[in-house]
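Only one chain is given next, in structure tokens, and it is the form predicted on its own.
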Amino acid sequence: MTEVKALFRNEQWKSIFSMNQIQLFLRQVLKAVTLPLAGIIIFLILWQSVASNITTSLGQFPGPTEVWEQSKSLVAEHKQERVKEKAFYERQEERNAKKLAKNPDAKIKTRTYTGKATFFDQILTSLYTVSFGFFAASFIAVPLGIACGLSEKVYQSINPIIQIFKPVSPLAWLPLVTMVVSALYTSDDPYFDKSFLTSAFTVTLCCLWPTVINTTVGVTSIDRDLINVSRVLQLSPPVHVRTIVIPSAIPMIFTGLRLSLATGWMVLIAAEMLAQNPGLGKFIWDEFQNGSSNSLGRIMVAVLAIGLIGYLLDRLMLALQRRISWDKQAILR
């Protein structure tokens, strides 16, 4: 009987403990959802109240309702364009099949659909451009930052250049990059458009420096005990960099990469506007030049998309850092 009572008490405590855990979990979920939701609701109310009192040359400044309607319109246009593209290729296949039926040796010409680029096509183009510029910058910045961190002489030589070019605006780089690309990229059958290379290299020049600086700081902050172990083991420079430097500096390297990606994404929009490279920047500029009653709403949709994509890119880099970095405490939330 005593054993039964003790078992009952244990089960009762377990039940109470489980209920406390569930209640704590529900409070955490409620807090995580309620506060952001309240902030969004307050922002939407303020946005609508301010927008209703602003009248521009293109009409009323778009509020949340107008932006939602324009976003649905952009989705509908994208679906309609995909239907046209599918019909184009179906007609082409039918024509080619008839030609082959009449003459099996006939030469078949395959054409690519060249319809209007939709809003979502522009997003993909911008992501492709910023990825090109970001990876090009990272390929240069990480080794340069490691070299600066390992050698004080290299750092003293490179640091003035970093400090001079770090604050330069993309608007200042863009004309120079445009001239250089036009002068050097003279292929008769170019693989990349000049406007694409102009935007991508402008992104590279602007997002280079955060990774260089943070990589340098990460390398110079390596624990001295690890350096001493490397000296005792007489590791060669490549092995030392691969086994000691890079693993220890990864948290700061990724901090620099995240800052560089955020910088590159901001720079890209201005570069696409001025270089007229397809992408979200050109979409915004075209809508501004269009001047229709829907233009402001569509521009606002693009602004929100830019912010959301920037946030997702940062979360993606953070997730990658969590997978690679051993120092979980060093990861910025």
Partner chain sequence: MNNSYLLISSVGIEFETDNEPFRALQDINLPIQKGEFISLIGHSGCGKSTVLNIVAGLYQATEGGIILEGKEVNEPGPDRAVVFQNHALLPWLTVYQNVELAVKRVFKKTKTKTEMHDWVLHNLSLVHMDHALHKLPGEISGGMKQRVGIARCLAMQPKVLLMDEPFGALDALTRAHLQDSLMEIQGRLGNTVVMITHDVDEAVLLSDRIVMMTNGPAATIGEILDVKLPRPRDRLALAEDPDFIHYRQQVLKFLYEKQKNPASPLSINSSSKNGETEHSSVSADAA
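Quantities reported herein were computed from a predicted structural model and do not represent experimental measurements. Numbering follows the first chain given and starts at 1.
Not pictured, yet referred to below: the form predicted together with the partner chain.
Residue L226 is the only one of A87, A117, L226, I140 with a heavy atom lying within 4.5 Å of the partner chain in the model of the complex.
This chain is displayed alone, yet in the model of the complex one of T125, T178, S248, S71 has a heavy atom within 4.5 Å of the partner chain; that residue is S248.
Segments offered: 140-148, 95-103, 238-246, 162-170. Contacting the partner chain in the model of the complex at heavy atom distances within 4.5 Å is 238-246.
In the model of the complex, the partner chain sits within 4.5 Å of a heavy atom belonging to V232.
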